[in-house]
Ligand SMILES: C[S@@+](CC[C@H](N)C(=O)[O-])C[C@H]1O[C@@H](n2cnc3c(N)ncnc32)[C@H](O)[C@@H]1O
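One chain comes next, on its own, written as structure tokens: the form predicted on its own.
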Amino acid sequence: MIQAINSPFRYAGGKFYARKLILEYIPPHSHYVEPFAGGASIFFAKDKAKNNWLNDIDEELINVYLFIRDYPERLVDALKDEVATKERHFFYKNIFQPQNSLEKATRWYYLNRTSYSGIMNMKNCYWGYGDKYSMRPENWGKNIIRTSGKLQGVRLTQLDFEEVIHQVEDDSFLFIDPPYFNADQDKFYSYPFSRECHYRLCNLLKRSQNKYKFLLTYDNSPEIQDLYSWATVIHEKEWNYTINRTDDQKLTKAMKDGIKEQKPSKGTRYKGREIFITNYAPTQEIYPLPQKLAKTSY
């Protein structure tokens, strides 16, 4: 069995710091599906199911996943001589024009590992690397190979979430982590998720809730609580996380939760606050989080 590992990416809105809380809610399952995979922190933190499906609407993200799964050595070779500098970040963001899918994957991976909070919307994709807090380029290859091992046999698609949910096997477990309802998404994501999309997701889950179990994570808002009043459980959750300034970061603002902008100080601690929504009653911790995951570079 392949051990729990960290996501290969930094990802805005990802669940890196909430993994232990989420794992405690996951019931036994043989089919595991993430319609909004993003950095897929939960998939990587848990044991693999018999069948696994990661989906995201972001074509470039899925392209990188496909290279990591199917051609990891090619991506490792493309990145082997890279260094993390502002100049290289500027080059990949503003000058480099990828000519094929490997070059697209190389560009995306480099920018993700060196940008502030892993934000890949080019309008807000700022330099955000620091040797003390970021995974160093000399470790990127090992990270890719390790991730490739866990992705073997995993289905990877770039579809609208509705197509995915319509196709899931009966008795599957779905971890659903859509963009926040009240977030200023233009800052973080390349693909918009409108109010209509939130309502469409809710209606779809309500209509088909007896087919599978789902855990849905959202920002804690009255609108979402009202939308999902039909669910079995709505639990308010809170966790600690830290924003570390990179060694020479010059940003004057931190885009926190898509709402408030403020200058981060080194080691500033914040509270993550969300609601967990399920169509089942959670019973016990199924996938305890290995202690070492909490200590590795993000």
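The model shown is predicted, which means the values in this text are computed figures rather than measured ones. Throughout, we count residues from 1 along the sequence that is shown.
This protein has a second form, the form predicted in complex with the named molecule, left out of what is shown; the following refers to that one.
Of the residues given (Y212, Y126, W140, F193), F193 alone sits with a heavy atom within 4.5 Å of the named molecule in the model of the complex. Checked against the named molecule in the model of the complex, the residues D171, D160, E87, D77 give one hit for a heavy atom within 4.5 Å, which is D160. Only one segment in the set 79 to 87, 112 to 120, 174 to 182, 140 to 148 has residues whose heavy atoms sit within 4.5 Å of the named molecule in the model of the complex; it is 174 to 182. Proximity of V233 to the named molecule in the model of the complex falls outside the 4.5 Å heavy atom cutoff.
Under a 4.5 angstroms non-hydrogen atom cutoff, the named molecule in the model of the complex has Y11 among its neighbouring residues. Shown alone here, W53 lies farther than 4.5 Å from the named molecule in the model of the complex, counting heavy atoms only. Remark: D58 counts among the residues lining the named molecule in the model of the complex, judged by a heavy atom distance of 4.5 Å or less. Of the residues in 36 to 51, those that come within 4.5 Å of the named molecule in the model of the complex through at least one heavy atom are, in sequence order, F36, A37, G38, G39, A40, S41.
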